[in-house]
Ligand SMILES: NC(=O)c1ccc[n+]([C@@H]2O[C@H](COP(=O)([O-])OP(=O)(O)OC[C@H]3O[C@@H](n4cnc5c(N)ncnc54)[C@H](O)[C@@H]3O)[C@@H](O)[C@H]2O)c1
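Coming up is one lone chain in structure tokens, specifically the form predicted alone.
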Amino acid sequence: MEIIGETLRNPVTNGRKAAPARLGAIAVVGLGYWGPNWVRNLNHLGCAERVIACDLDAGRRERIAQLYPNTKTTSHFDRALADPEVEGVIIATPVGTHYEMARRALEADKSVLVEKPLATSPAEATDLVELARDRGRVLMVGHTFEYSAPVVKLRDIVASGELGEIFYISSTRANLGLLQHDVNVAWDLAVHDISIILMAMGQVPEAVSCHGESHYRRGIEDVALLTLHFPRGVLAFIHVSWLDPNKIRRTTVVGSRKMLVYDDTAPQEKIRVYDKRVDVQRYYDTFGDFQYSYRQGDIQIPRIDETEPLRLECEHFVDCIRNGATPRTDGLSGLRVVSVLHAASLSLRNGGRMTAVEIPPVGAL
């Protein structure tokens, strides 16, 4: 399966220093759950002369106006697109609207950041990638965890070979709520784990199998288990749920030499590397001589200097617009994740049958 390009392994700023010039204006569309966090970071960073916040709900607009008096609010998306000073648009609306709104922004010659997932199908994601390329605009997807210091550390440890040959990855992301109305739990929560696992593995799985069940809304699964099948027999298990009594954000990477646990809910020490493994006696004459030995070594806790991932993501988007750079989580990254989710959806509708991950070709890149 396709090996993910080097852009995935670049540092957040691709080694560049941020240009001092501020952008003319950035528009944030959607002020529900996540949009206000974008408005907050844009105001604190001061990376644009103006910040425009767009939402149909008057109460949400009023709240933003009270918190950030210098932010202009509007209910008209078209007005933001028609503003010649708007250089970037951040779309934080419901998933079903991502494609249409991102396409309209790109057609208006704006660079676009779309919250996860990029679109609801590989065909839509491919269209956005090609349109952004044709228009010469930045297309970025909000895979926020790829800007998290612990996740970057996890990727670096895996890439260094310290864990040895990767056997499998197990990830759990569960809590009580928030139940979504337009997408199931895989498209809402597993999208995070898929982006993290693809980042760590540096490649896309060959196939996916998925089981899930709906308990409250017919056709919208609130619990799901995905299995990602990578080359050389490497598996990744993802358990996601909106119906768990505990908030769990944990990823375990098991290698032939060491094992790593990333716990995002831990207040400190989010990454722990365990010097544990199973060894098989190399030579033996009889079955009675055969035995396993278990290594129980030290636990290493690497130092991690954390910065709010969304702040880094915000800075990166602005820097890419200024310099015409390719984002770490570019449109192709979004397409890969959407293609995995699409295969999982097909598997879910077919009783968990293993389904190939097919990534549509994107023009002549």
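In case it trips you up, residue 1 is the first one in the sequence shown, and so on. This one's a predicted model, so the numbers in the text were calculated from it and none came from an experiment.
The form predicted in complex with the ligand exists for this protein as well; it is not shown, and the discussion that follows is about that form.
*Asks:* Considering non-hydrogen atoms and a 4.5 Å limit, does the ligand approach Val29 in the predicted complex?
*Replies:* It does: once the ligand is placed as it appears in the predicted complex, Val29 has a heavy atom within 4.5 Å of it.
*Asks:* Hey, in the predicted complex, does Thr144 get a heavy atom within 4.5 angstroms of the ligand?
*Replies:* Taking the distances in the predicted complex, the answer for Thr144 is yes, it comes within 4.5 Å of the ligand.
*Asks:* Would Cys54 sit within 4.5 Å of the ligand in the predicted complex, counting heavy atoms only?
*Replies:* Yes - in the predicted complex, heavy atoms of Cys54 and the ligand come within 4.5 Å of each other.
*Asks:* May I ask you to check whether Gly164 falls inside a 4.5 Å heavy atom distance of the ligand in the predicted complex?
*Replies:* No, Gly164 stays farther than 4.5 Å from the ligand in the predicted complex.
*Asks:* From the candidate stretches 271-279, 214-222, 88-96, 227-235, select the single one in contact with the ligand in the predicted complex, where contact means a heavy atom within 4.5 Å.
*Replies:* Checking each option against the 4.5 Å cut-off leaves 88-96.
*Asks:* Check each of Lys258, Arg137, Arg249, Lys116 and return the one that places a heavy atom within 4.5 angstroms of the ligand in the predicted complex.
*Replies:* Among Lys258, Arg137, Arg249, Lys116, a heavy atom within 4.5 Å of the ligand in the predicted complex occurs only for Lys116.
*Asks:* Tell me, which of His316, Arg60, Arg322, Arg40 has a heavy atom within 4.5 angstroms of the ligand in the predicted complex?
*Replies:* By the 4.5 Å criterion, the partner-contacting residue is Arg60.
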